[in-house]
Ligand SMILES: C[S@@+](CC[C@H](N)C(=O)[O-])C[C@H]1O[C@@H](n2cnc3c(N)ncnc32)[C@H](O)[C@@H]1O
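Only one chain is shown below, in structure tokens, and it's the form predicted alone.
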């Protein structure tokens, strides 16, 4: 019932400490598995959608986990009245994750998975005093996901890493992801009006080429 793909397995492997906040909890699977596997002792499940919180509650009840969870309606980090050890923000775009991180400054360990515009998230971390503890790629069913673990500290992204990631810890998936991304970007570059293209698309393509040619 709670089968894990590579993306969620990676997220759960990065949880540390006793208290976890799952922001945008959706079905509540991450929260439930963190408790069942002993990755956390208590989870705050947060979602702006009442339907999502309902699903998370039903799953928690089915697994007898209600006594180890709280369900908070609201936007991002704002419903939290304490500082969790770990915070998961996954399943949304980079711009939305940046908006959430901007709501409240925490010293938690952030596990971040942006499904698009990852460079926007990395740029925010670089410019707002977050250290990337890890930044690596996983593959699941032909799709690639960047797993970023960060916390407040001295920024350590280079300008090139904003677009390609750190590949830390190193994995062969990183090169595979870059090759797939390069093909996608080249389709855009070849079909679009060059003058109307975002400079970030061109910059990302250039940085990917720099890495692949090394």
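Residue numbers count along the first chain shown, from 1. Since this is a predicted model, take the numbers as computed values, not measurements.
Below: the form predicted in complex with this ligand, not depicted.
A.B. asks: Only one of 168 to 176, 147 to 155, 24 to 32, 60 to 68 gets a heavy atom within 4.5 Å of this ligand in the model of the complex; which is it?
C.D. replies: Flagged stretch: 24 to 32.
A.B. asks: Go through 117, 96, 139, 85 and name the one with a heavy atom inside 4.5 Å of this ligand in the model of the complex.
C.D. replies: Among 117, 96, 139, 85, a heavy atom within 4.5 Å of this ligand in the model of the complex occurs only for 96.
A.B. asks: Just to be sure I understand the contacts: of 48, 180, 36, 189, which is the one whose heavy atoms reach within 4.5 angstroms of this ligand in the model of the complex?
C.D. replies: That would be 48.
A.B. asks: Even though the partner isn't displayed, in the model of the complex is residue 132 close enough to this ligand, meaning a heavy atom within 4.5 Å?
C.D. replies: The answer is no: residue 132 has no heavy atom within 4.5 Å of this ligand.
A.B. asks: Classify residue 211 as contacting or not contacting this ligand in the model of the complex by the rule of any non-hydrogen atom within 4.5 angstroms, answering yes or no.
C.D. replies: Residue-level check for residue 211: no, no contact with this ligand.
A.B. asks: At 4.5 Å between heavy atoms, is residue 101 in contact with this ligand in the model of the complex?
C.D. replies: No, residue 101 is distant from the partner.
A.B. asks: In the model of the complex, is there a heavy atom of this ligand that lies within 4.5 Å of any heavy atom of residue 90, even though the partner is absent here?
C.D. replies: Yes, residue 90 sits close enough to this ligand in the model of the complex that at least one of its heavy atoms falls within 4.5 Å.
A.B. asks: Check each residue of 60 to 82 against this ligand in the model of the complex and list those with a heavy atom within 4.5 Å, in sequence order.
C.D. replies: Sequence-ordered list: 74, 75, 76.
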